[in-house]
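Only one chain comes next, encoded as structure tokens, the form predicted alone.
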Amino acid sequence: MADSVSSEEVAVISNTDITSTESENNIINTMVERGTALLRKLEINVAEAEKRTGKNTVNMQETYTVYLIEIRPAETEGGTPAAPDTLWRRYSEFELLRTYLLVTYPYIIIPPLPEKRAEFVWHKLSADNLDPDFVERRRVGLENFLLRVASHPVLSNDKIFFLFLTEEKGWRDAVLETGFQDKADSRLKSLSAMFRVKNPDKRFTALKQYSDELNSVISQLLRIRARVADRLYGVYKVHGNYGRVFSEWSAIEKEMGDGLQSAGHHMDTYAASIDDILEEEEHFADQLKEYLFYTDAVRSVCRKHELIQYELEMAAQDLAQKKQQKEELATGTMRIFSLKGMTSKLFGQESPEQKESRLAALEQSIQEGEETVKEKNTECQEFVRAAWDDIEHFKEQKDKDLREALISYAIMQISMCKKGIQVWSNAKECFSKM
């Protein structure tokens, strides 16, 4: 799998530089395989978000956000960019698309959507899902989701996904007509399989454990980052107090006034920069959150495997019971207590014709059971093969993305510290000139 990926043209949309002119390139951190047919043909963007007001399904007035999806040909004749085709989608439509993909491709780690409501917020960050800054970050996350799906060798070829990008009105009917909702496994059924499967695949068990641990680690990292953001915000704003005090002090000094005023100006500028810095930090946090939500997608694949394995074990158990019944009927011996055995003892044995009829029915049932076991075994093997190919692809993507995100975060922290040193160096120079 790794060889096939490396042979294609791969572009990592991420940037460890944090200069202001390139900061927007730092928002999206995704691996796009240009070898995917869809991305060779189309460029996909979520260009903007718009707040709207309307009535919901129960005829109540509500305010919601819609997102403008733009697609255009990746290559055009003459080098002139073609006008994009556009349509608007609500977040709930993205949710419907992802649910469809989860059910239709249970062996694939489906890319997650950005959070519906802000999590791991610090005190100055709004948790309102209509807050402009939050909506902008979610717009970026939705674009990242579409690029993730469009870069996947299987998902990118899905007809419903293509209709999502191109048909504004007919898409919902098309996805519902697939009947995917009837194929969805019930939560109770999945839980039953998880606790009752006898021979779980050790690879999937280890993967599920790793997913749980990764979820825990990223959650802790995000909580710590939120606490640090709170403290950092306070430190920067204290510099604003320095600036105010130096400016007030300069008013009562003659020879020292200019130096104090200049030092106060440096402190004010430094204090004001924290809002942009922490907003930039939120984009790095969103990259971590994506993999926090990815852990749910990994567990979903593991749960599906458990369910398929459980169904295989139940089919094999049912077949074994039927074969035992046939053997007992043919030999006239009962290995275990049964109601049928007690009935035979109380009311006499079956006639040869009845016995022959039951044997024929059991033989037919055994043949059907063997076919079922064969089908379930093939289904399980194919699921493991397809799922493990996708898991290997995901691992490669995860390592590359998280490495890029953490390096970018470290560089940003270094830059912040350098700015702090520069501010105090400037203040020292101001004081020296007094």
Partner chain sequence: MSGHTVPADFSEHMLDLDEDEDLEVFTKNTSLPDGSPLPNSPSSMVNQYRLEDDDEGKEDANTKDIFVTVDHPESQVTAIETFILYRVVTRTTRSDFDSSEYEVRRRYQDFVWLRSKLEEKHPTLIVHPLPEKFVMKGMVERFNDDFIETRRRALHRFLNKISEHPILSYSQHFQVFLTAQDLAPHRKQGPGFLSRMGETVRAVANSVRGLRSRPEEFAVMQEYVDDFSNKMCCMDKVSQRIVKEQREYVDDLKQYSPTYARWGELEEELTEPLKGVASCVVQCSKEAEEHIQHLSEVLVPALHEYVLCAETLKAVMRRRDNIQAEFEAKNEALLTRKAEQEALQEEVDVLADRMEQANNSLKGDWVRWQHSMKTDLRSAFISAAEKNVEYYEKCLAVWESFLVSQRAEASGGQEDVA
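The structure presented is a predicted model; accordingly, all values stated were derived computationally and were not measured. Residue numbers count along the first chain shown, from 1.
Omitted from view is the form predicted in complex with its partner chain, to which the following refers.
- With a 4.5 Å cutoff on heavy atoms, F164 does not count as touching its partner chain in the model of the complex; it lies far away.
- Using a 4.5 angstroms limit between non-hydrogen atoms, N157 is distant from its partner chain in the model of the complex.
- For L214, a non-hydrogen atom is located within 4.5 Å of its partner chain in the model of the complex, even though that partner is not displayed.
- Its partner chain is not drawn, but in the model of the complex it has no heavy atom within 4.5 Å of E356.
- Relative to its partner chain in the model of the complex, residues Y236, W249 and I407 are all within 4.5 Å by at least one heavy atom.
- A single residue from the set R137, H266, R303, R225 has any heavy atom within 4.5 angstroms of its partner chain in the model of the complex; that residue is R225.
- In summary, among the residues T331, Q220, S351, Q181, the only one with a non-hydrogen atom within 4.5 Å of its partner chain in the model of the complex is Q220.
- Only one of 172 to 180, 105 to 113, 283 to 291, 322 to 330 places residue heavy atoms within 4.5 angstroms of its partner chain in the model of the complex, namely 283 to 291.
- Heavy atoms closer than or equal to 4.5 Å to its partner chain in the model of the complex belong, across 403 to 434, to the residues R403, L406, I407, Y409, A410, I411, Q413, I414, M416, C417, K418, G420, I421, W424, S425, K428, F431, S432, M434, ordered by sequence position.
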